[in-house]
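Single chain ahead, written as structure tokens, the form predicted on its own.
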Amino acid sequence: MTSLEGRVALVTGASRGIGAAVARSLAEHGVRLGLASRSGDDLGLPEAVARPCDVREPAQLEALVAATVERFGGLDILVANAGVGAYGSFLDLPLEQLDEMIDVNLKGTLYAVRAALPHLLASDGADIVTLASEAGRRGLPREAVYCASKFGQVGFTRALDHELREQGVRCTSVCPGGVATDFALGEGRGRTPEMPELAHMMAAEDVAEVVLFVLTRPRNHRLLETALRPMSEPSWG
């Protein structure tokens, strides 16, 4: 296990759910943090730069990256986690939710990498971790646009591996199945808090442990993709 003490990470979607769990886990291992979220929450972490940031706005990401580098002297890790979901038949999906999923899940990942990469290339060993989904590995019913956004994330990350490996940047897709967070709850998004299947899903902290595992591997190898599912979910191959 490689120590992360003193490393610098930027986490998007950091105020709640998987992003908050990842940020807290990294902080416990001595990582200094830039935290991007719409609320600008610093999670009470003393070694953190936090500000309101919409990943659909490249200039906001660039400003947070610059503030993080100015505070801590560099950037070693990007965890591109910001995401939204909506579930239902394709024709019933409102156009604004279609646009939101593509803009946040896919374009937000592209913008985050674009803002962070010049600094990651200057690191002595950098990592890009994209929080994709099982929906980025196979098509699922009532999730067509969500799957499209997540397939895009996985494909982008795999292509970056080819492009950046020789420059010392490792690129990994983390693809969880069902996680009991609130990112897909709400009116018209296809999930409600009382749904019984939520009780059998994984916790955000389960995914954070996998991200930590990826980041602490020795630098002589890399993990291209990790997939995890709750025991309640079937195996699809």
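Computed from a prediction, not measured in an experiment: that's the story for all the values here. Just count from 1 along the sequence shown to find any residue number.
Note that the form predicted in complex with a small molecule isn't included here; everything after this is about it.
S.K.: Counting only non-hydrogen atoms, which stretch in 68-76, 83-91, 112-120, 162-170 is within 4.5 Å of the small molecule in the predicted bound form?
M.R.: Stretch with heavy atoms near the partner: 83-91.
S.K.: So in the predicted bound form, does any heavy atom of P58 sit within 4.5 Å of the small molecule?
M.R.: Contact with the small molecule, no.
S.K.: I'd like to know if S15 sits close to the small molecule in the predicted bound form, meaning any non-hydrogen atom pair within 4.5 angstroms.
M.R.: Judged by the heavy-atom cut-off of 4.5 Å, S15 is in contact with the small molecule in the predicted bound form.
S.K.: Residue-level question: is H200 within 4.5 Å of the small molecule in the predicted bound form, judged on heavy atoms?
M.R.: H200: no contact with the small molecule in the predicted bound form.
S.K.: Using the partner position in the predicted bound form, report whether V179 sits within 4.5 Å of the small molecule, counting heavy atoms only.
M.R.: So V179 counts as contacting the small molecule.
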